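We begin with a single chain expressed as structure tokens, specifically the form predicted on its own.
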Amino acid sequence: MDKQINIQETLDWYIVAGVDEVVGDTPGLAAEKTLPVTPLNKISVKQVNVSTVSISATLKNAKEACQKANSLDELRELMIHFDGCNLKNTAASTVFGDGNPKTKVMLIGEAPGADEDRIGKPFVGRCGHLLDKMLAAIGLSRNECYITNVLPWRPPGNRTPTDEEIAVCLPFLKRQIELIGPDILLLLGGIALKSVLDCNDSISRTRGKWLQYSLSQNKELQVLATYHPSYLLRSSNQKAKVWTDFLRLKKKLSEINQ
């Protein structure tokens, strides 16, 4: 006998996945519709809705706004009032960084999920609970670190952010790094790796290797990339590799503290 479907759980899953339209009650082919064809020479330019603000202009505005922030509180306010990213229009919260601003370790993920968007803090859902356990295993708590994401706004349905969305949000992340000035960056997942280091290598090829990130103050940060906790929730067989990466992080911290 087939397992009975829980309608409420199914609807909840659809909402989280970003489904917002019902196609039909039963499978089948929709009736073919004949659409009127408008000759090209009769299409008015007014029918085309094109934004007059280019991505380059928006990016310039973001960079200029970030440089005005002399503290994390000022940067948070700038992000809350920044309207250059469409993700803000669909998100419930602007999820800023959280933790110790005087830390030596800064963790960077991809974007807020449903729980983070609802609560307004990074890594508070299932991924956050797993991350807390991973940190505790090497003697760290999230209060000793600073945790943030590349994007402060949740993409609808947790979809992958576009290159344009990343580019517009990146100046805010880089300013966070400058204001905190950690010794180590731990990049969680491929989006964080690509965004922070402008690296096209896959996370599987790059993880476990110590890299460098240059601050504007001529300070070189040690950078380590590893798999995102959300990936580990789907692929538990990769946890051993991440454990090895966290041991590398612990060793590097002990060297810095000497």
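Numbering starts at 1 and runs along the sequence shown. Please read all numbers here as calculations on a predicted model, not as lab measurements.
If you look for the form predicted together with uracil (URA), you will not find it shown, but the lines that follow are about it.
Thinking of uracil (URA) in the model of the complex, which stretch from 68 to 76, 117 to 125, 85 to 93, 176 to 184 has heavy atoms inside 4.5 Å of it? Flagged stretch: 117 to 125.
Residue-level contact is defined here as any heavy atom of the residue lying within 4.5 Å of uracil (URA) in the model of the complex; does Pro152 satisfy this criterion? Although uracil (URA) is absent here, Pro152 would stay clear of it in the model of the complex, with no heavy atoms inside 4.5 Å.
Even though uracil (URA) is not shown here, does Arg207 get within 4.5 Å of it in the model of the complex, heavy atoms only? No - in the model of the complex, heavy atoms of Arg207 and uracil (URA) never come within 4.5 Å of each other.
Using a 4.5 angstroms cut-off on non-hydrogen atoms, would Lys194 count as touching uracil (URA) in the model of the complex? Flag for Lys194 set to no.
Taking uracil (URA) as it sits in the model of the complex, is Ala111 near enough to touch it, meaning that at least one heavy atom pair lies within 4.5 angstroms? Yes, Ala111 lies within 4.5 Å of uracil (URA) in the model of the complex.
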